[in-house]
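As structure tokens, one chain now follows by itself in the form predicted on its own.
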Amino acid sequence: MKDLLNHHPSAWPEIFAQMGVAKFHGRNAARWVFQRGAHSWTEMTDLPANLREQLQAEAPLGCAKLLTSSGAKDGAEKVLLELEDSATVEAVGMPGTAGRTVCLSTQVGCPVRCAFCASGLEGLGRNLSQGEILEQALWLRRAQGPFQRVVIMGMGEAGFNLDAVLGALDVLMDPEGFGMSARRITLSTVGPKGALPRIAEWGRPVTLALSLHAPDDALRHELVPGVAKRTIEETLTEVDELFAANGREYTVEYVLLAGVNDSPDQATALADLLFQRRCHVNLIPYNPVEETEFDRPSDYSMESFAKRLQDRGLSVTLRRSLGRQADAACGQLRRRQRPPSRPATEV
């Protein structure tokens, strides 16, 4: 019973029945948590007092603790949350023209070890549970207000933790949970072996964001070592099959690194790679990380790269960077605030 957030809200009535109370109390409790934003059983005034006391003692809600936060003038705010075992994860709330967006983590650290990213500098600590992913969303809603979009794009690689990630997304979309539209959810992944077919089989029309970052295998394997045994072509074939399965155009994410992957020839190669594929290209200006050797390209270089893609008929966005004063790079706030407290593991 302790980890209720690890169970779909549709299962709560039966869990409550096993405690010896009426099933409708489970339905009411789920509504309090997911729809009304309660973070303590004591708030649930329509539950019996003795049940509230039992739940508060045996299954407390809101176990994550705020360690620190970092805000930016544009309204983005990143928080560092400490979980029950003292592991730490980042979550972010960001303003937008279509409402507020939250960015959630899926792992403590990351096994992919992208060369430009702070999240994987010490490798993987552990996977997050479904409940720990959802608790980030609940915490951000309580602290920062309602959100309209969710991106699974924080610390960690979702493709290595799909049971928990897809379970959390099911709760976010279910009317008994947060009741969000699938079209307001983005799932980011580098596309490790088996992940994209599994997401296609799952069948929900969320937006898939493929982290590519290079137009050729040699450079991608250097920048994204966690997929060193995967080719770009086989990965794109799988994401094309995902589009065929759910009808949802996907996004290709490409972090622009000065002098590494931002040349005109590389733009042409990327355009050739994606020509006539049902995708949108999201170009991401690099947010510098002190421990890496990479730099952010000039505005002219990034705009030229985007224009070359557009001239080849691709749909392109050059992302406006939010939170540049808020330790914007994934894993950066965690790395600055707390050193790793356990040996990293690989997958």
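All residue numbers refer to positions in the sequence shown, first residue = 1. Predicted, not measured: the structure shown is a model, and the values here were computed from it.
Omitted from view is the form predicted in complex with S-adenosyl-L-homocysteine, to which the following refers.
Contact check for residue 70: no non-hydrogen atom falls within 4.5 Å of S-adenosyl-L-homocysteine in the predicted complex. Remark: residue 211 counts among the residues lining S-adenosyl-L-homocysteine in the predicted complex, judged by a heavy atom distance of 4.5 Å or less. By the criterion of a heavy atom within 4.5 Å, residue 135 is excluded from the residues contacting S-adenosyl-L-homocysteine in the predicted complex.
When contacts are judged by a 4.5 Å heavy atom cut-off, residue 253 counts as touching S-adenosyl-L-homocysteine in the predicted complex. Heavy atoms within 4.5 Å of S-adenosyl-L-homocysteine in the predicted complex belong, among the stretches 26 to 34, 51 to 59, 282 to 290, 309 to 317, to residues of 282 to 290. Taking a 4.5 Å heavy atom cutoff to S-adenosyl-L-homocysteine in the predicted complex, the contact residue among 147, 139, 116, 178 is 116. A heavy atom within 4.5 Å of S-adenosyl-L-homocysteine in the predicted complex is found for exactly one of 130, 188, 101, 235: 188. Residues 153, 154, 156, 157 of 153 to 167 are found to place at least one heavy atom within 4.5 Å of S-adenosyl-L-homocysteine in the predicted complex.
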